[in-house]
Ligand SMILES: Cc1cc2nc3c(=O)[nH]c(=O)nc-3n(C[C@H](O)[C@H](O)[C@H](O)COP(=O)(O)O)c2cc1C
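Just one chain is shown here, as C-alpha cells, and it is the form predicted on its own.
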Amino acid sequence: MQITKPWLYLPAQVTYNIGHPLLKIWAKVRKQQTFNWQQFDWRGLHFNNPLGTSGGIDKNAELIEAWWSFGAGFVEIGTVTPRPQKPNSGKILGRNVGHLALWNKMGFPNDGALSVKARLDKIRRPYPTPLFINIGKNRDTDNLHASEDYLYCIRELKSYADVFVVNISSPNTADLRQLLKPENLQILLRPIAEECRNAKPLILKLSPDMSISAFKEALDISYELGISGWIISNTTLNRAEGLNFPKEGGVSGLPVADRAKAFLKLAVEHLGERRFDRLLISSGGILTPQDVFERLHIGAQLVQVYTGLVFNGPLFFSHVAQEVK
C-alpha cells in the first residue's frame, strides 16, 4: 500500500493528539454529507448506510457531529466509564504502516459518564444517525461489582443513547475479559439486560481471542438473556510475525481481519435463524471498500471502522459510497 497520507509520517500519539481538533475544524467548514446506500430500519432506528465508526475513536463524545458531516451511517462513542480515568501508564499507542496495524494500551481513558452526558446534552435531537454508546467499568472496580458500573452508565446516559454497547472484551483493563467466561457472563449481563428490556437495544462486544467453544457459549448465553446483538470483534493480543509491539495491549487492523471474518461466519452459522431479529456488527480489519462489502456479504448488517480511518482518513465513508455507485 503506497502511503500518501502525511499524518502517517507522524508518531501515532502525535497524530491522535492533533487529530481531534483538526477533525472538528474540518467538519465545520465542509458541507454535511449523507450517503444513502443499503438503507435499513431496525427496532425503530433508521440507518442511511451500514458503515459507522467504532468505539474508541471518540471516547468523550467530542467528534459526533464531525463523523456525521463525513457521512457515517451511525456513530459509536466511548468507552465511557462511571468515573473519569486516565490512560494506562507508559506508552499507549503505536502504528505499523507496513502491516496496516495499530496497537493501543489505553485502558478506557475518558472524562466519565457525567461529563459525556453534559456534552451530549448540547447536541440537537433528533440525531441524523443512530448513536451507540459504548460503556465499561472503571479499572479499580472489581469484577464482582462490575455490573453496577454498567448500570450506572446506562441510567445516566439512557436519554441520549439509541443503542448501548457492553464492552467486556478490551484487553487493556486487567481481568476484564474474565467477564466473558460463562459463569461470569450470566451474573454480569442479567441485571444489565433487565435494565434495558423494552427500553434500549443492548449490544455485546466480543473478543477475537476467545476459543470457538467459548465464543459459541457467549452467543448462546447472551441470546437467552435478551441481548439485541453483537459486535465481532475487539482488538487482539495475538501478534503477527514481524510486529514488534509490546506484548501487552490490543492490535487492530489487518492482523485481526482474518479472525474477525472467521468469527462473523461462525456467528452466522451458529445462530442460524435466531440472528434475524438481532444485530450482527462486524469490526476489525476494515481497510478498504471491498472489506466493507465482504463483511456485509458474510452476514453483518452493520460494519464499523477505526483503523481504516487512521490509514485512509475520514473521507473513507465517501470512498465506500462511491464504490457502491
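Keep in mind it's a predicted model, so treat the numbers as computed, not measured. Counting begins at 1, following the sequence as shown.
Unshown form predicted in complex with the named molecule; subsequent notes refer to it.
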property: Lys205, heavy atom within 4.5 angstroms of the named molecule in the predicted complex; result: yes
property: 4.5 Å heavy atom contact, Leu102 to the named molecule in the predicted complex; result: yes
property: 4.5 Å heavy atom contact, Leu23 and the named molecule in the predicted complex; result: no
property: Gly78, heavy atom within 4.5 angstroms of the named molecule in the predicted complex; result: yes
property: Among the candidates Asn234, Thr173, Ser222, Thr129, the residue which, in the predicted complex, approaches the named molecule to within 4.5 Å (heavy atoms); result: Asn234
property: Answer option from Phe74, Phe215, Phe245, Phe108, heavy atom within 4.5 Å of the named molecule in the predicted complex; result: Phe108
property: One stretch from 270-278, 51-59, 25-33, 38-46 that, in the predicted complex, holds residues within 4.5 Å of the named molecule by heavy atom; result: 51-59
property: Those residues of 110-144 which, in the predicted complex, come within 4.5 Å of the named molecule by heavy atom; result: Asn134
